[in-house]
Each structure stands twice: as C-alpha cells, then as structure tokens.
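Here we start with a single chain on its own, the form predicted on its own, put down as structure tokens.
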C-alpha cells in the first residue's frame, strides 16, 4: 500500500469521526469524554472512540471553526473543555450528512445489485 493510499484511508476515518462529533454536539455542548460516550452508546458500542483519535479531531474542528471550546467543570467536579457546534459547524454537518447519505446508498446498491433485490 502506498503512502498516498494510507493517507486517504486515514482522512476517511478522520472525516467520519469529525462528522460523528459534529452530530453529537448538535444536541448541545459536551466535554470530550461525554462525546466519546455518546458516540459509543449511540452506536450500541459498535464504534469505540479512542482518546488518541478524539482529542486531535476536537482540536482540528476547533481550528477549522466548526466547533468552539470553553473551559468549565464536569459533572464529577473536574476541569474540562466543553465543545459547542458553531454556525459553520452546523452547515458542515448538513453537507456531510448529504454526502454520507449518497455514499451509503451507493454502497448499498453495490452490495445488493438490482437483479438480487426482487429475490427472497
């Protein structure tokens, strides 16, 4: 596998995590651990969010202006950064959701060809 192929795969994974973070923050501000837990719980623990992937993604999204970060205190009385979706982040989520729908429909068409659809 070439370096370029590896980079493409990593970007795809990061993009998917970014989309899931934006979707999670649609419900309101949350700190990193809560975001990871929401993604894991929402996927019925199929998706596991590693902190080594989560925090770089959060920093990247802040840098891009898609989310904002504010210091606060977590429910267990610890200092934490709380992340919120920005207007730019909401627009990006809408665009990414549209792309995701097209991608999953395209994959479904390949996995379930037309001639097989009518068969039990």
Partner chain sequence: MKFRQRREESLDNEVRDYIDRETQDNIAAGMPPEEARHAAMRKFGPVQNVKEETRAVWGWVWFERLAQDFRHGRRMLAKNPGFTVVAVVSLAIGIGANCATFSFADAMLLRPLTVLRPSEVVTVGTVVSLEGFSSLVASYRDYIDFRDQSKSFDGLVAFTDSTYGFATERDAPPQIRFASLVTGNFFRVMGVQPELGRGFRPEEDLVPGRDAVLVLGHDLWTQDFAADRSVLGRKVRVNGIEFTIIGVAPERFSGMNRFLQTGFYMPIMMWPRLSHDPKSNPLEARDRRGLAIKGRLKPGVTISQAQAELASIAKNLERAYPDTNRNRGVAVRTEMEARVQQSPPDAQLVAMISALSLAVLLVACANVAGLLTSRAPVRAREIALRLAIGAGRYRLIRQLLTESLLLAVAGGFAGLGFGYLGILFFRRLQVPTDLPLKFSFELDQRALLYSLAVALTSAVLFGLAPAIQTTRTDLVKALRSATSDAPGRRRLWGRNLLVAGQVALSLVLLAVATFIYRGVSHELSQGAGFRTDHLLTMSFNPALVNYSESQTQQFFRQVTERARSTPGVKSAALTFSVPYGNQQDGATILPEGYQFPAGKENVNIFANTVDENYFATIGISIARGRSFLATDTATSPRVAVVNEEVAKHYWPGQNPIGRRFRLDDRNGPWVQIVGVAKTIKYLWIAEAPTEFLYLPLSQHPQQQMTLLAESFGEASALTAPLREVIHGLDASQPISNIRTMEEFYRMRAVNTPNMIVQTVAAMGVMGLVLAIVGLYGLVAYAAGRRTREIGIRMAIGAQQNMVLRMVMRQGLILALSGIGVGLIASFGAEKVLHSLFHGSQTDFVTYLLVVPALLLVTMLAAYIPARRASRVDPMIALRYE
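Note that the coordinates shown come from a computational prediction; the quantities given were computed from them, not determined experimentally. Residue numbers count along the first chain shown, from 1.
Just so you know, the form predicted in complex with the partner chain exists too; it's not on screen, but the next bit is about it.
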query	finding
Non-hydrogen atom within 4.5 Å of the partner chain in the model of the complex for each of 17, 28 and 70	no
Heavy atom of residue 79 within 4.5 Å of the partner chain in the model of the complex	yes
Interface membership of residue 56, the partner chain in the model of the complex, 4.5 Å heavy atom rule	yes
Contact label in the model of the complex: residue 91 to the partner chain, heavy atom within 4.5 Å	no
Contact flag, residue 66 vs the partner chain in the model of the complex, heavy atom cut 4.5 Å	no
